[in-house]
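Just the one chain here, laid out as structure tokens, in the form predicted alone.
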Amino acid sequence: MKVTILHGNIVSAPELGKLDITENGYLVAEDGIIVGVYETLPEKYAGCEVEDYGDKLVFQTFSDMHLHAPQYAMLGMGMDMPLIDWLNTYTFPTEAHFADTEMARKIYKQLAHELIANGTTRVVMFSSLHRESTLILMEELEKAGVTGYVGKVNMDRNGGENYQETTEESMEETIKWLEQCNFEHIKPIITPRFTPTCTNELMAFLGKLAKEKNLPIQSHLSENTGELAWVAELHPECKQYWETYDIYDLWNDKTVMAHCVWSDERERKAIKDAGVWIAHCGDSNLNLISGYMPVREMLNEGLRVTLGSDIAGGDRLSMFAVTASTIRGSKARRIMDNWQSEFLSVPEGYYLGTSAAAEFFGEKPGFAAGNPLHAIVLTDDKLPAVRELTVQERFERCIYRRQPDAVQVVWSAGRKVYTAE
């Protein structure tokens, strides 16, 4: 049995708005699985090696529940365009280049490294529609130490001249891809890009496939008012956007829907009733002029809200930055709501970026016993202060501000996958 013991100031989020802070404590794992957090090291571990990080901070790692891997190559581009124009002008042409597997390898290796270096160890991620490049993405994430889900994108309409499949090709390539997904920590997820880019035939196939193989699903929902009008035009038989997924068995408690900016009361009830997960991507929604999701209202209604960077609609890959911007966005939303909604606190934002997605990955919130060890060691010794800060103050500052070498060590699924140079 391999015992891992981390010593430092340990901060976790066991529930929304609550922090567990153990100063000068010990986080213990056996064979990569957390046993517990202790103020004093239990006697049974007295002879074990301790990785002593002194006064440094030990955080949970982040989960990025929605991002587009090929769009890593176009971060910060086209930010003056609304969603549909941005997709046609930048996104689809960029993703088309990922037919080139050599280029895909280079870009995806860099993406995987940057995720880990920023303390993101769990992902729910879109690839492109290319089977070979999707497998390369999964391989590079696996090698870097990332865990989670990657989907080969399916789209057989409205992809422009150079970026869509035939329905038959989409089906055949998806089956071949699933047969080749043999990774330990990166698993497949069914990925209809969104309703406007998938025919009814393809959606029905994907729903059946997800059900037969018990696979999770990811897509987009109610991101933009122009998108809503387009979906209504394409599917007059459906009263609301969510029904275009539900009628094809793509709507259940293993489904992650990004955005949900314009989900009204009826759609939100459908989300809650089905146990669908929401990936809130505030940076993207502001950049692409889509609107801003009422996060507090959804949390109050008991919906499963998580966070996503949504690169490259979002312009920041670091989930520290995404968490901070989510908190700021909730303050803007409070003003928009005529001061009727409460903004998110820093502990709440941290929970949404870390523990909120735990159940999706088969875990419990926080550094719970039985969870795989996912942890970041942070240093803040170069940041100025006029007095000694509490651990909670240091935690809050790290969400908003970090020194260049802040992330010292990262564990993912019990493995040490990153050490700062």
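Position 1 is the first residue in the sequence shown; the rest follow in order. It should be emphasised that the depicted structure is a prediction, and the values quoted were computed from it without experimental measurement.
Not pictured, yet referred to below: the form predicted together with another copy of the chain.
- prompt: Among I84, L178, V346, L303, which has any heavy atom within 4.5 Å of another copy of the chain in the predicted complex?
  reply: By the 4.5 Å criterion, the partner-contacting residue is V346.
Pick from K269, K331, K213, R157: which has a non-hydrogen atom within 4.5 Å of another copy of the chain in the predicted complex? Result of the distance check: K331.
task: Please check if G47 has a heavy atom lying within 4.5 Å of any heavy atom of another copy of the chain in the predicted complex.
output: Output for G47 is no: heavy atoms all beyond 4.5 Å of another copy of the chain.
ask   = Looking at the partner-bound form in the predicted complex, is A229 within 4.5 Å of another copy of the chain by any heavy atom?
value = No - in the predicted complex, heavy atoms of A229 and another copy of the chain never come within 4.5 Å of each other.
- prompt: Going by a heavy atom distance of 4.5 Å, is D283 a contact of another copy of the chain in the predicted complex?
  reply: Output for D283 is yes: heavy atoms within 4.5 Å of another copy of the chain.
Can you tell me whether E114 touches another copy of the chain? I mean in the predicted complex, with a 4.5 angstroms heavy atom cut-off. Contact check for E114: yes, within 4.5 Å of another copy of the chain in the predicted complex.
Tell me which stretch of 236 to 244, 119 to 127, 98 to 106, 162 to 170 has a heavy atom within 4.5 angstroms of another copy of the chain in the predicted complex. That would be 98 to 106.
Determine the residues of 384 to 400 with a heavy atom within 4.5 Å of another copy of the chain in the predicted complex and present them in sequence order; the list may be empty.
Stretch hits, in order: P384, A385, V386, R387, L389, E393, E396, R397, Y400.
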